[in-house]
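Presented as structure tokens, the chain that follows is alone, the form predicted on its own.
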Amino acid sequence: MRLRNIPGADEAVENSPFCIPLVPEIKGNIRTQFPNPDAPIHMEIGMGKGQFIMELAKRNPNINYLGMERYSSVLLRALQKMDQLESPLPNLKFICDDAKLLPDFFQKGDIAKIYLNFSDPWPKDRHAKRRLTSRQFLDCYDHILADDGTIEFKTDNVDLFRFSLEEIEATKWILAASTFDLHHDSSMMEGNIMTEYEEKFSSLGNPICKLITYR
């Protein structure tokens, strides 16, 4: 599906008080971007319109959240939602950039948890390394996660899920839990927050897959 470019989206992201520009000086100093710099930081990569991470931030004021979205036209929707909130979310900031650049702007231990939700499956074999659960991206995450950090991944794409399980098995990552039918797994559903895609796909009867992994 072709992404529709929204005029003015780049400028809106650049000027938004909710967004953090990725510059070299931020490496090792990301915590100072939040009112509570002592709180752990959880990040969603490929956050889309922000429903999931905004709900997390509302429920967990003692955790800082970063939402990363590559496309400004998509991130713009999240900024609009933030503007409409009755109460601000000081523990939530956004980044508009490519996840492959994460090691350039974050250091080991900056992030305590990463969420990957309904990532682009990149179905062609030659594009496998672009998948956010590929070993190449797992290596990126290893450079920014805390030693006890975890990754939680959800998708309705079974092929992508099997690929992700294989990549974990082929690396030093450890699979803590997994299910091919999240909404019928009571233990893994505990505290589950649905994304826009999850609501859509599950309403169509599509099983949702989820895994949790750590180093």
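Nothing here was measured: the structure is a model prediction, and the numbers come from that model. Position 1 is the first residue in the sequence shown; the rest follow in order.
One more form of this protein should be noted, the form predicted in complex with a small molecule, which is absent from this view; the next part is about it.
- The candidate spot formed by D98, F118 and T195 is fully in contact with the small molecule in the predicted bound form: every one of the three has a heavy atom within 4.5 Å.
- Checked against the small molecule in the predicted bound form, the residues A112, V74, L138, M82 give one hit for a heavy atom within 4.5 Å, which is V74.
- Distance criterion of 4.5 Å from any heavy atom to the small molecule in the predicted bound form singles out L132 from the list L92, L132, L145, A78.
- I168 falls outside the set of residues with a heavy atom inside 4.5 Å of the small molecule in the predicted bound form.
- Interface residue remark: H183 is not counted as part of the site for the small molecule in the predicted bound form, having no heavy atom within 4.5 Å.
- A residue is said to contact a partner when one of its heavy atoms sits within 4.5 Å of a partner heavy atom; G149 fails this definition for the small molecule in the predicted bound form, lying far away.
- Contact between P40 and the small molecule in the predicted bound form is not found at the 4.5 Å heavy atom cutoff.
- Only one of 170 to 178, 41 to 49, 27 to 35, 157 to 165 lies within 4.5 Å of the small molecule in the predicted bound form by heavy atoms, and it is 41 to 49.
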